[in-house]
Structures are given as C-alpha cells and as structure tokens.
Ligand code: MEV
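Here you get one chain, nothing else, as structure tokens; it is the form predicted alone.
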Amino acid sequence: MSFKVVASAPGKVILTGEHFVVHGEPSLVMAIDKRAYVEAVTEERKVRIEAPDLNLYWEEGLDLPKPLAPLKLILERLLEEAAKPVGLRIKVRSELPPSSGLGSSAAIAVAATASVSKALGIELTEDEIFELALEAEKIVHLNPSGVDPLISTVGGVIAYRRGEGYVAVEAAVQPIVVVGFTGSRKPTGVMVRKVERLRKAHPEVMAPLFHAGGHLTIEAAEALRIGDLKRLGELLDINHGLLSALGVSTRKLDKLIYLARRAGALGAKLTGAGGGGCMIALCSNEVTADRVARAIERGGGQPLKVKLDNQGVRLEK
C-alpha cells in the first residue's frame, strides 16, 4: 500500500551580508511566502525523482541529471535508515526560480528531507532536517554558508553567522519587498569562487570591506527590530555598494536597482550570489511597491512582491 506525504519549505531573500557570510561575518535573512513543494510516495517499485518544472526525470538504472544529485543523496541517506526496503517516488514543484538568489535548491532539499523522512516513518528534528539538507547543498555549492537550508527550515528573520548559529530577529513591522529577477542566472559556487580570488589577491584592501559588511548587518537587524525602515533602506543601499566592490553586480542588476530607487523604494540591492539572479527593493507601503514593480518590469526585469513568512518547513494537509 502506498503512502503519500507533501512537505513545503520557504525560499528567502538575503537582506544584508551575502558573500561576507561565507567568511564568518553575519548576514540578515528573511523567509518569503514563496515555497518549494515535494511530494513523497512510497511504492513497491524503483526509486525515482520527477521535477517537471525543470523537465528532469531520474529512476534507478538511468544516468542521473546533475541538478537532481542533491535529491538522490537525500533519498540514499534516508533509505539507509528505513525499517525495510521500499520503493519511493518524489515529485518537486517550486514557486522559486532556480539559480536566482531566492534559495530554490535549499528549499527543495529541506522540503524533500521532511517529506521523504515522514513517508518512511523516520522522525527527524529541525536540526537533523537542516543538517541533511546542508549536506545535499554541498553537492551544488561546494562551500555553502548554510544559511539557505537554515532559513528554509526555521522561517522568519534570522541573523546568522557561520559556525556560530543564528538569532531570531522579531521584526516590528512587516517588510514589503519587491524582488526583481534579471532573467539571467549564475551558479552560486562560481560567484563565491570569484570573490575568494579577489579576497586573496588584495587581502589588506578586502579585510576592512568584509568587516564593514558584518557591522552593517548588525545595524540592519536592529533597524528591523525597532521598525526603522528608512534606516534599513539606507543600509541596503550601502550593502549594494559593498557588493559592487566585490564585483558581483551586473549592469542589469544595477539598472533595476536604480529604477526601483527612483520609483520610491527606501533602499535596493542585489540579493544572493549576484552575477545575475535577483535584486530586492524595500518599500514603505503597497502603493509604492506597485510603482516599484512597474518600474522593474519596464526595465526588463520580472517583478515579484513577497512578504515575510514566519513558518519554516511544514507538512501540507
């Protein structure tokens, strides 16, 4: 008899601190109300993975498409713990564009870990879900900070420092954020390696830049905690300047950022690894958010309004 479980996990936007977080500085991260969904069904047949959004399919005996390698690792780890041999089918659906800086792969990994473990009768804690999803993420990103699978697991807003864990940040207001997708993508690992080469080539120049990025995140967390969106917006603008100095912005990202600011955004910056992907704009109200979204669309970007999601990974009814 088959048994079906569906789990979902939120994507994220990095408000401040991307790239700096890889090297031990804090980052401020917000879960968003766009999710990845993974359905797990136990069967008396082969193990298989379906990702129709990406036009990808795999089952035992076939060559494995590279983007599905993290999911295969999750299946293998959990099937090793299963009480008895079982076939398994998982199906992936995501509201998050891949390789865009919104944490798509991590949300899928977290949702897959939750749904598959439940389908197999394995009880995992939040920490265990995070750890397995992080192990899977290493296949894609090689040296991930860990913040993506963490925020997908716990939800809300967190201040995160690699190796030290995280602190939940209670926002005094509901941030209104417009995401602008450039339409181009660059793998996170490629951009992380680019920054690392620059950091090693100019250590004395880059060290204070990274230190400034860490201080900025501490101030941004406090601004969000007390509801000072104007101050938070100014810090987003400064953060984009620091990221531009790291060489991870693009002409298209800069264009959408300046259009958003001109349309009334309190602050705007790229989010994620850069090299393409998405930018974010902080807005004071829905009217401004609509105006910013139209400006992004006129600039050739794909706008998406998102809100804070306080819920992390969950089982769907």
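Quick caveat: nothing in here was measured; it's all calculated off a predicted structure. The numbering used is simple: start at 1 and walk along the sequence shown.
Keep in mind that the form predicted together with the named molecule is missing from the display, and what follows is about it.
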Partner-contacting position among L229, V169, V192, V86 - heavy atom within 4.5 Å of the named molecule in the predicted complex: V192
Selected contact from A40, L282, I257, A273, since only one has a non-hydrogen atom within 4.5 angstroms of the named molecule in the predicted complex: A273
Listed range touching the named molecule, judged in the predicted complex by heavy atoms within 4.5 Å, from 71-79, 146-154, 107-115, 217-225: 146-154
Exercise: A295 in contact with the named molecule in the predicted complex, heavy atom 4.5 Å: no
The named molecule contact in the predicted complex: N239, any heavy atom under 4.5 Å: no
The named molecule contact at T188 in the predicted complex, heavy atom, 4.5 Å: yes
Non-hydrogen atom contact L15 with the named molecule in the predicted complex at 4.5 angstroms: no
Residues within stretch 70-91 having a non-hydrogen atom within 4.5 Å of the named molecule in the predicted complex: none
